[in-house]
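Just one chain is shown here, as structure tokens, and it is the form predicted alone.
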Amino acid sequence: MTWSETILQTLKDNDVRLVTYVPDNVLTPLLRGVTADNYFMAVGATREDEALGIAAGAWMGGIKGCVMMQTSGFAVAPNTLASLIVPFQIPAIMIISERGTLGEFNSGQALVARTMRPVLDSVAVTHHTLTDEKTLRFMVDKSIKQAVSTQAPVALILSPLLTGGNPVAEAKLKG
């Protein structure tokens, strides 16, 4: 299985039905899989904080949800994490495609990448960086189970070492 197929199957195995997202090139294989599979309820959002709010509402309605975003989009999420997700014990599962590292050309992406993990730590959100397919299923599965059992959010950061990075950025660098 590809990294995206492994993640999608693990979401299914853990009964995560709602996937709300803001489009991103790196996430394309995941988003294609989600929108093509009737198991998932796919909801596009205009901003990452809105996506977190949708996932929070789903949890309150009895549905497990996942939010997919890229690193730069994470920059709008800390207020929602600190004022809604963490204090109300919502096990939001965030899947974040990592930009801003390993040859990134966009300085804005690089700045958010340097601050994302310290921000997650400051609002008490557990996070794991996923780097290889050998440990992928285990990390995603155990992270979802822990988030649900402890009613706490988790961020799963998709390293370019796993995903191969952003194809648009690679094209610009070769350009």
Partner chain sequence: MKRDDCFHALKRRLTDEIVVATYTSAHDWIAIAPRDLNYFSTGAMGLASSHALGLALGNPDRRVVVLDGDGSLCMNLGTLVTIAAAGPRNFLHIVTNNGTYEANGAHPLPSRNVDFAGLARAAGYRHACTISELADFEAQIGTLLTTEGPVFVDLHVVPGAAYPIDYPNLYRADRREALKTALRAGR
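If you're wondering where the values come from, they're calculated on a predicted model, not measured in any experiment. Numbering follows the first chain given and starts at 1.
The next section is about a form of this same protein that is not shown, the form predicted in complex with the partner chain.
TODO: Using heavy atoms only and a 4.5 Å cut-off, determine which of Ala110, Met41, Val148, Val123 is in contact with the partner chain in the predicted bound form.
DONE: If I apply the 4.5 Å criterion carefully, the residue I get is Met41.
- [ ] Select from the listed residues Ala56, Leu130, Leu30, Met116 the one whose heavy atoms reach within 4.5 Å of the partner chain in the predicted bound form.
- [x] Residue within 4.5 Å of the partner: Ala56.
- [ ] Indicate whether the candidate residues Ile7, Pro23 and Thr71 are all in contact with the partner chain in the predicted bound form, with contact defined as any heavy atom within 4.5 Å.
- [x] No: no residue has a heavy atom within 4.5 Å of the partner.
- [ ] Mark Glu50 yes when one of its heavy atoms lies within 4.5 Å of a heavy atom of the partner chain in the predicted bound form, and no otherwise.
- [x] Yes - in the predicted bound form, heavy atoms of Glu50 and the partner chain come within 4.5 Å of each other.
Task: Ala45 within 4.5 Å of the partner chain in the predicted bound form, heavy atoms - done: Although the partner chain is absent here, Ala45 would touch it in the predicted bound form, with heavy atoms inside 4.5 Å.
Task: Contact flag, Leu18 vs the partner chain in the predicted bound form, heavy atom cut 4.5 Å - done: Leu18: contacts the partner chain in the predicted bound form.
Open item on the list: Given that the partner chain is not shown alongside this chain, does Ala36 nevertheless sit within 4.5 Å of it in the predicted bound form, heavy atom to heavy atom?
Closed with: Outside the cut-off, so no.
Task: Residues within 4.5 Å of the partner chain in the predicted bound form, restricted to 64 to 79 and counted by heavy atom - done: Read in sequence order, the lone residue that approaches the partner chain (within 4.5 Å, in the predicted bound form) is Asn79.
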